[in-house]
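Consider the single chain below, provided in structure tokens and representing the form predicted alone.
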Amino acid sequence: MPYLFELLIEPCLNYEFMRIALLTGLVVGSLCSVLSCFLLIKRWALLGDAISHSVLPGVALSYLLGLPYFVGALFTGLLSSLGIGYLQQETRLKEDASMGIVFTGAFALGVAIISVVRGQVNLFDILFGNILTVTGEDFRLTVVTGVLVLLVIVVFYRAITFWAFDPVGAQVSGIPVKYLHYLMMLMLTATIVASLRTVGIVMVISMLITPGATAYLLTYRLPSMIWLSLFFGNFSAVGGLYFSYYFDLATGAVMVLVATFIFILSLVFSPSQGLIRRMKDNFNPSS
């Protein structure tokens, strides 16, 4: 135990970048985990994927113009969110087609810009993240974003929950579902942008889905699902950080691998929905 304690404490005691990375990982893990529960209920996994890829041209333009990456990423992310929402609600296009058009177009634009300014942009960090390079300014930005998003969820929790489970019933009850739709897109965009430096564009979608999906296999109640998702998301962030530090691996990728491993355990051993339980039920149909 003392040796394990030393392994956990030593990096944070000796290196400031590890302390910042650890705190940032906890914020991002919490933010993504809470939002992942609502995305899973709303079946918006593809939307998170679309917006996460749509911020690439904004990040590239920010580097090109010498602006903070957050500015360009948030602008193009919000623009893409509005574009997807408009196509969904104002045209005959289905949800998947609207997302696919905006996602591929924006991502292609980002790749084209990066190909022009290749020497100024680290594409690997943008796509896969590097929490070990997070600065104090990045951390403060992440904290502010996290507090605002979580505060909105707490304030509008009942309305968002009603709308997520029953959008038609919510509309009939007088809840402004159209505004909730765009509010959720705004929160999703802000979360993705806040997570860029930590897990990157490609990996953030996993952190927005896997913790909630893991919790979904273990409980039937939303509050319990949120708390379980919080635990799994933070464990994945912190565990991925330490694994990447000691084994010199890509941090964002390791965080996702830890989250995926926990999901596989849940898939196999879940008391009510796990593979082992289903095998037992198949062998004992009368039970």
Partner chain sequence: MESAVSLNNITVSYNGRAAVSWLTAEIPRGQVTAVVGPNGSGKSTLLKAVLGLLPLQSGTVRVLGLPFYRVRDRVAYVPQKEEVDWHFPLLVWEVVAMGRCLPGSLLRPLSFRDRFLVKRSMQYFGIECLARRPIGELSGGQKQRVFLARAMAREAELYLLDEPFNGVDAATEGIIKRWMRELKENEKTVIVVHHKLNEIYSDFDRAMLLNCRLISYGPVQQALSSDTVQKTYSESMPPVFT
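Here, rigid core means the biggest group of C-alpha atoms that superpose within 1.5 Å across both forms. Predicted model, so just to flag it, every value in this text is computed and none were measured. Numbering follows the first chain given and starts at 1.
One more form of this protein exists, namely the form predicted in complex with its partner chain; it is left out here, but the text below deals with it.
- Though its partner chain is absent from this view, in the model of the complex it lies within 4.5 Å of a heavy atom of just one residue from Leu217, Ile175, Leu74, Ile114, which is Ile175.
- Interface residue among Val27, Leu228, Ala250, Ile41 relative to its partner chain in the model of the complex, by the heavy atom within 4.5 Å criterion: Ile41.
- The closest non-hydrogen atom of Thr161 lies within 4.5 Å of its partner chain in the model of the complex.
- Contact check for Thr133: every heavy atom lies farther than 4.5 Å from its partner chain in the model of the complex.
- Using a 4.5 Å cutoff between non-hydrogen atoms, Val254 does not count as a contact of its partner chain in the model of the complex.
- At a distance threshold of 4.5 angstroms between non-hydrogen atoms, Leu151 is out of contact with its partner chain in the model of the complex.
- This chain is displayed without its partner chain, yet in the model of the complex the stretch 219-227 from 219-227, 255-263, 65-73, 45-53 comes within 4.5 Å of it by heavy atoms.
- When the rigid core is held fixed, the Cα atom of Gln89 travels 2 angstroms or more between the shown form and the other one.
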